[in-house]
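As structure tokens, one chain now follows by itself in the form predicted on its own.
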């Protein structure tokens, strides 16, 4: 089965005064219920996937409260849900993954921010920035600035995160403005505890419904002219001052005093923990976080409150702003506020810190050492200098030790159904030449690494076919677009398929139908096989029962459509070759069908464990390599890239070339043998059956 959040769901039920233990993103989930949220939506993605996953699996409990939960098909549909709070005093929250999600939702967010909200709205953003990020290294901050939406960046501390969720709704209602809250990877996964409050059943909910819309029709709540001109004035003249007043009165930002009163550090709340670690390393903070340098932690990074900034800086000779990413939005605004107030504190920021990239502890130690070296030479920072030297030495030693090792690129899971598709494409390319391959966001993007090295563009989730449109008329060979079923339903059907058919395109689209939004945690899709089918599909793929993707394609007018079992490399190569060489014009779609192996193994393991526990017969397929017939040229490895297909020393003392071998961990997908057959490689692969709890006939047959 897929992961069950049983413990997390139970923690949502904690009553007044109970102690919550867990991760930051789960604390957010609990805080939403404590805030009386009426509806929650979103699109999954790291590092905020747990929020929606837990909510979806806790539907029975949420139904008791009357909270509506919706797993949306993309971020734009999630943002549009917040329209419920424009005309009604209901609180709503949505979530998605960082800047890429905000980009998709931008249209709805602009209109939402223009019309304003009556009920509080909170957008939880998993700001996937820096070392652990897997998206474009940008921030959602720019959207807050352009649309005048408020942006929270809470200190990574569970009580503070929970407080900011609750205050975020209040801030939204006090200023009639949507509020965004960004949480970095470390904040989402920081562990801690807080004293829980009782969950609040919303006043307006699925259980306490409204009779209908307001009796009086209010034109000013529609984001179209002429109302938009008044709304633009309201943003700056009414909503912004109201927000600043609320932030100041409720002290959402925090000041931490220090002995060195002539210096100051202004830091984004989300970077506070890293800052304290850097100060401790420099010998300027104790183990409990008390700093010698005064700190202003901005739990609200937009809007800034001018009085808070000028008051903090007024008595200081120099202040450094620690703002991650580019451009330096916060530093520029602080500089403007200080000049207007004629505050003479010297301002530092990107001059001592790097412009782009994550602010790690090492980066902060180096930057703070520059800042303090100029303005506080009397401070003893020898421990920091020693630490930096030690870190540098460790890096040099690591480079020496690892320099001789080959680069190990990320790759597909063992037995992934997408690997054989790229093996087939690689085989066909040897005959017809390499085409332009337009990749998509998702697991299949791993094919851009060795040994496949396929993928010339990567321009967004569900955008691969649309990205191939500009290439198609400029090359002699048909371009190929690859997308998963998650990307297909997210954006690909309209942005790619519909656009291609409208413009009479002549490309090839491969849809990886693995049954789930696998790259984000195997959440369900419109085409996910029903649970009954999954339970019945023991030892086989569960995705074949659903044909909604094929029906959608046929309904739009796709004429050339093939569905192929991923693991049949010869069949996949045949269909792909036909799509690339046929004289038939128009879009050609191959639906490559094979259940996500990770999800399949999650389903099978408990079933197998139960069988073995009961002493029932169980047959497991395993593949291997005949050492005597292996030639040692390893073309099978170059065509597969499976982590369980590797090399070992040749057992023949007269041969020096290592032979191929299949190690433990093999899930028996059969790709290695299929590749050997399709590519006419050496016949050294064999298929074996490992039988647990063998019966009498099995034992007799084995003896024979």
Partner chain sequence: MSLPERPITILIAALGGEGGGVMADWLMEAATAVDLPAQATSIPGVAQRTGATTYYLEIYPVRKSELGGREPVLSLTPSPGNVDIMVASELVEAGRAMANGYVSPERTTLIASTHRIYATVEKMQMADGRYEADKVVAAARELAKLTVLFDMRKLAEESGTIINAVLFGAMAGSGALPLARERCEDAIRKGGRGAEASLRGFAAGYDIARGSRKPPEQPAAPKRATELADIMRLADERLRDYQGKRYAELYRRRMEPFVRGDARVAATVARHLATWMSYEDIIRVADLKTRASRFERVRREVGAKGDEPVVVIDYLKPGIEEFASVMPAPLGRRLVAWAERRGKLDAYNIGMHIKTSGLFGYALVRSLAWLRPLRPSSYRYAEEQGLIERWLGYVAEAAKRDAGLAYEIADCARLIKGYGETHRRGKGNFLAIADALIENPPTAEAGEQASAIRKAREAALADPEGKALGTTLGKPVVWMKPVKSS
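Numbering follows the first chain given and starts at 1. For clarity, a rigid core is taken as the largest C-alpha set superposing within 1.5 Å between two forms. On a predicted model such as this, the values are computed, not experimentally measured, just so you know.
One more form of this protein, predicted together with the partner chain, exists but is not displayed; see below.
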The partner chain: the contacting residue among 236, 503, 315, 430 in the predicted complex [heavy atom, 4.5 Å]: 430
In the predicted complex, the one of 131, 208, 232, 374 near the partner chain [non-hydrogen atom within 4.5 angstroms]: 131
Given the partner chain in the predicted complex, answer whether the residues 33, 63 and 571 all have a heavy atom inside 4.5 Å of it. no
Answer with yes or no whether residue 689 is in contact with the partner chain in the predicted complex, where contact means some heavy atom within 4.5 Å. yes
Taking the partner chain as it sits in the predicted complex, is residue 645 in contact with it (heavy atom to heavy atom, 4.5 Å or less)? yes
Heavy atoms within 4.5 Å of the partner chain in the predicted complex: does residue 559 have any? no
Look up in the predicted complex whether residue 361 has a non-hydrogen atom within 4.5 angstroms of the partner chain, and give yes or no. yes
Which of 87 to 95, 258 to 266, 106 to 114, 511 to 519 lies within 4.5 Å of the partner chain in the predicted complex, heavy atoms considered? The stretch 511 to 519
Residues in 619 to 640 with any heavy atom within 4.5 Å of the partner chain in the predicted complex: 620, 622, 623, 625, 626, 627, 628, 629, 631, 632, 633, 634, 635, 637, 638
Just checking, between the shown form and the other one and with the core aligned, does residue 677 shift 2 Å or more at the CA? no
Superposed on the rigid core, does the Cα of residue 68 end up 2 angstroms or more away between the shown form and the other one? no
Please determine whether the C-alpha atom of residue 398 is displaced by 2 Å or more between the shown form and the other one following superposition on the rigid core. yes
